[in-house]
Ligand SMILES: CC(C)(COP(=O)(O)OP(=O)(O)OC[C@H]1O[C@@H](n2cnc3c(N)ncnc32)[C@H](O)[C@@H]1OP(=O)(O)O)[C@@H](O)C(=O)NCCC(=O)NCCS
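A single chain, nothing else alongside it, follows as structure tokens in the form predicted alone.
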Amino acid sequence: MSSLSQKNTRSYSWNSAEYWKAVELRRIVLRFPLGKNYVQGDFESEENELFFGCFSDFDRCLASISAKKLDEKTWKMRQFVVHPSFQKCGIGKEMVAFYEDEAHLNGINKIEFHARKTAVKFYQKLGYRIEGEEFLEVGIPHFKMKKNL
């Protein structure tokens, strides 16, 4: 079990107040640097995903990650983001550990995702491996990564 406070690290529902706080964090960290924003219809496809976040005592979203179920044993990690003020402080590592704990509790034994090239070393330190060749997604280099739990 990770060491993040259980009262601050929790699952949350699609279209909840926490969801929209996480969407704003995703917009700032993942979209704006690429010159992108969300458009109408971007969020409905997430309705069946699972969401996990780390929130401050004042309910500020510090980190967020989502899970899309690919099959009975596999989750696709999506939209992982850590607030810039809290990067390189261990929250990202803690969030991945929390995510993996939740996956295990849900009977999941494999996690896969598309990682930005700049984040590959972070994931490799956590036991994820590259599968396949580099590819472009949203105009930037990515790798498919996987881990068996």
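Numbers for residues come from their place in the sequence shown, where the first is 1. The structure presented is a predicted model; accordingly, all values stated were derived computationally and were not measured.
Although it is not shown, the form predicted together with the ligand is what the next lines describe.
Engineer: Answer yes or no: in the predicted complex, does the ligand come within 4.5 Å of a heavy atom in every one of Arg10, Ala17 and Ala103?
Structural biologist: Answer is no for this spot.
Engineer: If we define contact as a non-hydrogen atom of the residue within 4.5 angstroms of the partner, is Phe122 a contact of the ligand in the predicted complex?
Structural biologist: Output for Phe122 is yes: heavy atoms within 4.5 Å of the ligand.
Engineer: Answer with yes or no whether His114 is in contact with the ligand in the predicted complex, where contact means some heavy atom within 4.5 Å.
Structural biologist: Yes, contact at 4.5 Å.
Engineer: I'd like to know if Phe86 sits close to the ligand in the predicted complex, meaning any non-hydrogen atom pair within 4.5 angstroms.
Structural biologist: Looking in the predicted complex, residue contacts with the ligand include Phe86, since a heavy atom lies within 4.5 Å.
Engineer: Answer yes if any heavy atom of Lys68 is within 4.5 Å of a heavy atom of the ligand in the predicted complex; otherwise answer no.
Structural biologist: Close contact is absent here: in the predicted complex, Lys68 is far from the ligand, nothing within 4.5 Å, heavy atoms only.
Engineer: Name the single residue among Val29, Ala97, Ile108, Leu50 that comes within 4.5 Å of the ligand in the predicted complex, judging by heavy atoms.
Structural biologist: Of Val29, Ala97, Ile108, Leu50, the residue with a heavy atom within 4.5 Å of the ligand in the predicted complex is Val29.
Engineer: At a 4.5 angstroms cut-off on non-hydrogen atoms, which residues of 62-97 are near the ligand in the predicted complex? List them in order.
Structural biologist: Counting only heavy atoms within 4.5 Å of the ligand in the predicted complex, the contacting residues of 62-97 are Phe80, Val81, Val82, Phe86, Gln87, Lys88, Cys89, Gly90, Ile91, Gly92, Lys93.
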